[in-house]
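This document starts with one chain, in the form predicted on its own, laid out as C-alpha coordinates.
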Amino acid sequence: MIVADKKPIEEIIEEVKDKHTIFIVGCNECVTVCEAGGKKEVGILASALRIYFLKEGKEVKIDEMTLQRQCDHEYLEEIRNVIDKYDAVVSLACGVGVQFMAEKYHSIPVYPGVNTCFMGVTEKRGLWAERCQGCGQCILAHTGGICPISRCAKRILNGPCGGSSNGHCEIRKELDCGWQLIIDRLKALGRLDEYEKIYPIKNWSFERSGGPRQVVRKDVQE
(Lines give C-alpha, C1' and ligand atoms only; values in the text may rest on other atoms or scores of the structure.)
Protein backbone atom coordinates (compact mmCIF):
# COMPACT_ATOMS: atom_id res chain seq x y z
CA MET A 1 0.00 0.00 0.00
CA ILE A 2 0.98 3.64 -0.31
CA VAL A 3 1.98 4.94 3.12
CA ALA A 4 1.42 8.58 4.05
CA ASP A 5 1.76 10.71 7.17
CA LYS A 6 -0.44 13.59 8.30
CA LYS A 7 0.81 17.07 7.51
CA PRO A 8 1.20 19.48 10.45
CA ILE A 9 -2.02 21.42 10.97
CA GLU A 10 -0.04 24.67 10.81
CA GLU A 11 1.01 23.88 7.24
CA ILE A 12 -2.57 23.22 6.15
CA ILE A 13 -3.85 26.36 7.88
CA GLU A 14 -1.29 28.45 6.03
CA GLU A 15 -2.71 27.23 2.71
CA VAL A 16 -6.41 27.75 3.50
CA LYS A 17 -6.50 30.61 6.01
CA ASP A 18 -7.90 33.05 3.45
CA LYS A 19 -10.60 30.71 2.13
CA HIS A 20 -14.31 30.96 2.93
CA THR A 21 -15.55 27.52 1.86
CA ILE A 22 -13.37 24.42 2.28
CA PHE A 23 -14.06 20.84 1.21
CA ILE A 24 -12.05 18.17 3.02
CA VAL A 25 -12.01 14.90 1.07
CA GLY A 26 -10.60 11.68 2.46
CA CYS A 27 -9.77 8.36 0.82
CA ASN A 28 -11.03 4.99 2.00
CA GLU A 29 -8.02 3.01 0.77
CA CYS A 30 -4.30 3.13 1.68
CA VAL A 31 -4.34 6.31 3.75
CA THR A 32 -7.17 4.88 5.83
CA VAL A 33 -5.10 1.81 6.64
CA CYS A 34 -2.11 3.91 7.74
CA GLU A 35 -4.45 6.21 9.70
CA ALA A 36 -3.53 9.37 7.81
CA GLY A 37 -6.45 10.22 5.55
CA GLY A 38 -9.58 8.19 6.21
CA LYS A 39 -12.98 9.27 7.50
CA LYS A 40 -11.70 9.61 11.06
CA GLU A 41 -8.79 11.82 10.02
CA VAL A 42 -11.11 13.94 7.86
CA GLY A 43 -13.26 14.61 10.91
CA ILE A 44 -10.26 15.47 13.09
CA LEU A 45 -8.87 17.91 10.51
CA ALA A 46 -12.26 19.52 9.98
CA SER A 47 -12.65 20.04 13.74
CA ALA A 48 -9.15 21.51 14.04
CA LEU A 49 -9.81 23.97 11.22
CA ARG A 50 -13.19 24.99 12.67
CA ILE A 51 -11.54 25.71 16.02
CA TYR A 52 -8.84 27.78 14.31
CA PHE A 53 -11.31 29.88 12.34
CA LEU A 54 -13.55 30.30 15.40
CA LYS A 55 -10.62 31.70 17.36
CA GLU A 56 -9.84 34.01 14.46
CA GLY A 57 -13.44 35.23 14.47
CA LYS A 58 -13.90 34.19 10.87
CA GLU A 59 -16.92 32.34 9.55
CA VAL A 60 -15.80 29.55 7.22
CA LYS A 61 -17.91 26.74 5.81
CA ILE A 62 -16.10 23.40 6.10
CA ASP A 63 -17.63 20.25 4.66
CA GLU A 64 -16.37 16.68 4.79
CA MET A 65 -16.54 13.62 2.55
CA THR A 66 -14.60 10.40 2.16
CA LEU A 67 -14.44 8.72 -1.24
CA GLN A 68 -13.70 5.08 -1.84
CA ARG A 69 -10.65 6.13 -3.87
CA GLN A 70 -9.31 9.33 -5.38
CA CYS A 71 -7.22 7.64 -8.09
CA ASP A 72 -10.19 6.51 -10.24
CA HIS A 73 -12.47 8.67 -12.41
CA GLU A 74 -15.65 6.96 -11.24
CA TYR A 75 -15.17 7.88 -7.59
CA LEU A 76 -14.05 11.45 -8.28
CA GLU A 77 -17.24 11.89 -10.30
CA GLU A 78 -19.18 11.60 -7.03
CA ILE A 79 -18.20 15.16 -6.09
CA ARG A 80 -18.73 16.79 -9.50
CA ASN A 81 -22.08 18.35 -8.56
CA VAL A 82 -20.79 19.91 -5.32
CA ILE A 83 -17.13 20.81 -5.80
CA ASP A 84 -17.84 24.18 -7.45
CA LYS A 85 -19.31 25.43 -4.18
CA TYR A 86 -15.88 25.57 -2.54
CA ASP A 87 -12.90 27.90 -2.65
CA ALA A 88 -10.51 25.06 -1.96
CA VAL A 89 -10.23 21.31 -1.50
CA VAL A 90 -7.97 19.67 1.05
CA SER A 91 -7.35 16.11 -0.12
CA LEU A 92 -6.23 13.54 2.41
CA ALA A 93 -5.42 11.04 -0.33
CA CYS A 94 -1.86 10.19 -1.32
CA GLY A 95 -0.06 12.40 -3.83
CA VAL A 96 -1.58 10.36 -6.65
CA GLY A 97 -5.11 11.20 -5.54
CA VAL A 98 -4.29 14.88 -5.00
CA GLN A 99 -2.90 15.18 -8.52
CA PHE A 100 -5.73 13.25 -10.15
CA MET A 101 -8.33 15.41 -8.45
CA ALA A 102 -6.45 18.56 -9.49
CA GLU A 103 -6.37 17.31 -13.09
CA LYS A 104 -10.06 16.53 -13.10
CA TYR A 105 -11.19 19.74 -11.38
CA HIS A 106 -8.53 22.14 -12.56
CA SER A 107 -10.41 25.34 -11.67
CA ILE A 108 -10.41 24.51 -7.93
CA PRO A 109 -7.19 24.62 -5.87
CA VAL A 110 -6.47 21.22 -4.32
CA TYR A 111 -4.13 21.12 -1.32
CA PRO A 112 -2.51 17.98 0.13
CA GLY A 113 -3.38 17.10 3.70
CA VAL A 114 -0.78 14.34 4.00
CA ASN A 115 2.83 13.71 3.05
CA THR A 116 3.13 10.66 0.79
CA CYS A 117 6.06 8.56 1.99
CA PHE A 118 6.50 5.18 0.27
CA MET A 119 4.97 1.83 -0.67
CA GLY A 120 5.10 -0.39 2.36
CA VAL A 121 3.52 -2.69 4.90
CA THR A 122 1.92 -2.49 8.32
CA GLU A 123 4.41 -4.16 10.64
CA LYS A 124 2.20 -3.38 13.63
CA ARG A 125 -0.26 -0.69 14.71
CA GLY A 126 1.48 2.65 14.29
CA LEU A 127 4.49 1.25 12.42
CA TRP A 128 4.70 1.17 8.63
CA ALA A 129 7.83 0.18 6.74
CA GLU A 130 8.98 0.57 3.15
CA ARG A 131 9.12 -2.53 0.96
CA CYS A 132 8.97 -1.36 -2.68
CA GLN A 133 10.21 1.57 -4.77
CA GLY A 134 8.34 0.62 -7.95
CA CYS A 135 11.54 0.20 -9.98
CA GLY A 136 9.61 -1.38 -12.87
CA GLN A 137 11.67 -4.56 -13.13
CA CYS A 138 11.05 -6.85 -10.18
CA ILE A 139 13.92 -9.14 -9.16
CA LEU A 140 12.34 -10.69 -6.07
CA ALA A 141 12.45 -14.16 -7.65
CA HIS A 142 16.24 -14.08 -7.39
CA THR A 143 16.54 -12.61 -3.90
CA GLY A 144 14.22 -14.78 -1.86
CA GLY A 145 11.35 -12.30 -1.96
CA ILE A 146 13.37 -9.51 -0.31
CA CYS A 147 14.07 -6.41 -2.41
CA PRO A 148 17.62 -5.02 -2.38
CA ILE A 149 16.39 -1.85 -4.11
CA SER A 150 14.18 -0.90 -1.18
CA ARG A 151 15.83 -2.78 1.70
CA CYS A 152 19.48 -1.90 0.95
CA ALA A 153 20.29 1.76 1.65
CA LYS A 154 22.70 1.75 -1.32
CA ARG A 155 20.41 -0.26 -3.63
CA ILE A 156 23.21 -2.73 -4.30
CA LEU A 157 22.36 -5.71 -6.54
CA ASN A 158 25.30 -7.91 -5.58
CA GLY A 159 25.91 -7.30 -1.92
CA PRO A 160 26.39 -6.81 0.90
CA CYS A 161 28.75 -3.82 0.86
CA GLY A 162 31.87 -3.64 2.98
CA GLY A 163 30.25 -1.33 5.49
CA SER A 164 27.68 -3.71 6.95
CA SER A 165 28.50 -5.09 10.38
CA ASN A 166 26.84 -7.81 12.44
CA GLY A 167 23.86 -7.82 10.09
CA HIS A 168 23.28 -4.09 10.31
CA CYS A 169 23.64 -1.22 7.85
CA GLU A 170 26.42 1.35 8.17
CA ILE A 171 24.00 4.12 7.20
CA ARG A 172 21.85 3.54 10.28
CA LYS A 173 23.04 1.11 12.92
CA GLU A 174 19.49 0.10 13.91
CA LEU A 175 18.68 -0.79 10.29
CA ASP A 176 18.97 -4.42 9.22
CA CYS A 177 21.34 -4.96 6.32
CA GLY A 178 19.13 -5.73 3.32
CA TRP A 179 21.57 -8.26 1.95
CA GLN A 180 21.90 -10.01 5.30
CA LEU A 181 18.13 -10.45 5.21
CA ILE A 182 18.40 -11.85 1.67
CA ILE A 183 21.17 -14.27 2.64
CA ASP A 184 19.22 -15.52 5.66
CA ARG A 185 16.12 -15.97 3.52
CA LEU A 186 17.96 -17.87 0.76
CA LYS A 187 19.55 -20.10 3.39
CA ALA A 188 16.15 -20.88 4.91
CA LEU A 189 14.88 -21.77 1.42
CA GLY A 190 17.85 -24.03 0.72
CA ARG A 191 18.86 -21.76 -2.15
CA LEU A 192 22.03 -20.18 -0.77
CA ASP A 193 23.91 -21.20 -3.91
CA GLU A 194 21.97 -18.48 -5.75
CA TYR A 195 23.80 -15.89 -3.66
CA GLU A 196 26.98 -16.82 -5.54
CA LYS A 197 25.48 -15.72 -8.85
CA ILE A 198 26.51 -12.33 -10.18
CA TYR A 199 23.58 -10.43 -11.61
CA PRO A 200 24.07 -7.90 -14.42
CA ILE A 201 23.65 -4.17 -14.06
CA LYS A 202 20.00 -3.34 -13.54
CA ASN A 203 18.13 -1.81 -16.45
CA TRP A 204 17.13 1.46 -14.82
CA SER A 205 15.21 2.57 -17.92
CA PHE A 206 12.19 0.84 -16.35
CA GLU A 207 12.44 3.17 -13.35
CA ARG A 208 11.09 6.73 -13.40
CA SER A 209 14.34 8.30 -14.65
CA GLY A 210 12.73 8.78 -18.05
CA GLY A 211 9.73 10.63 -16.62
CA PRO A 212 6.24 9.49 -15.61
CA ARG A 213 5.53 5.88 -16.57
CA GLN A 214 2.44 4.13 -17.87
CA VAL A 215 1.19 0.57 -17.92
CA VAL A 216 -0.87 -0.12 -21.05
CA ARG A 217 -3.12 -3.21 -21.18
CA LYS A 218 -4.78 -3.28 -24.59
CA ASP A 219 -6.59 -6.47 -23.65
CA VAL A 220 -8.64 -4.62 -21.03
CA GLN A 221 -9.02 -1.26 -22.74
CA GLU A 222 -12.47 -0.30 -23.97
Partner chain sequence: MKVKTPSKLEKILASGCLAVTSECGPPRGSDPEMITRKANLIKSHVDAINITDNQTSVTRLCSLAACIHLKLMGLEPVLQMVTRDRNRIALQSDILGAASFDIHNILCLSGDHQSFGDCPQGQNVYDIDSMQLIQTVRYMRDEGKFLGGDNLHRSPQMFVGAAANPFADPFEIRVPRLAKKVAAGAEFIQTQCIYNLDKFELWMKMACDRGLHEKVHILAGLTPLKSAGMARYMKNRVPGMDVPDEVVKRIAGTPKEKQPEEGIKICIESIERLKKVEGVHGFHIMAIEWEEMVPEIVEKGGLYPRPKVE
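Small disclaimer: the values here were computed from a predicted structure and weren't measured. Numbering follows the first chain given and starts at 1.
Here the subject shifts to the form predicted together with its partner chain, a form of this protein not shown in this document.
In the predicted complex, no residue of the candidate spot (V96, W128 and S150) has a heavy atom lying within 4.5 Å of its partner chain. Mapping the unseen interface onto this chain, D176 falls outside it, with no heavy atom inside 4.5 Å of its partner chain in the predicted complex. Though the partner is left out of this view, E170 does reach within 4.5 Å of its partner chain in the predicted complex, counting heavy atoms only. Proximity of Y199 to its partner chain in the predicted complex: non-hydrogen atoms within 4.5 Å are present. Within 4.5 Å of any heavy atom of its partner chain in the predicted complex lies no heavy atom of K61. Just one of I156, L189, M65, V33 comes within 4.5 Å of its partner chain in the predicted complex, counting any heavy atom, and that one is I156. Contacts of stretch 151-166 with its partner chain in the predicted complex, defined by any heavy atom lying within 4.5 Å, are made by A153, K154, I156, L157, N158, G159, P160, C161, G162, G163, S164, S165, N166, listed in sequence order.
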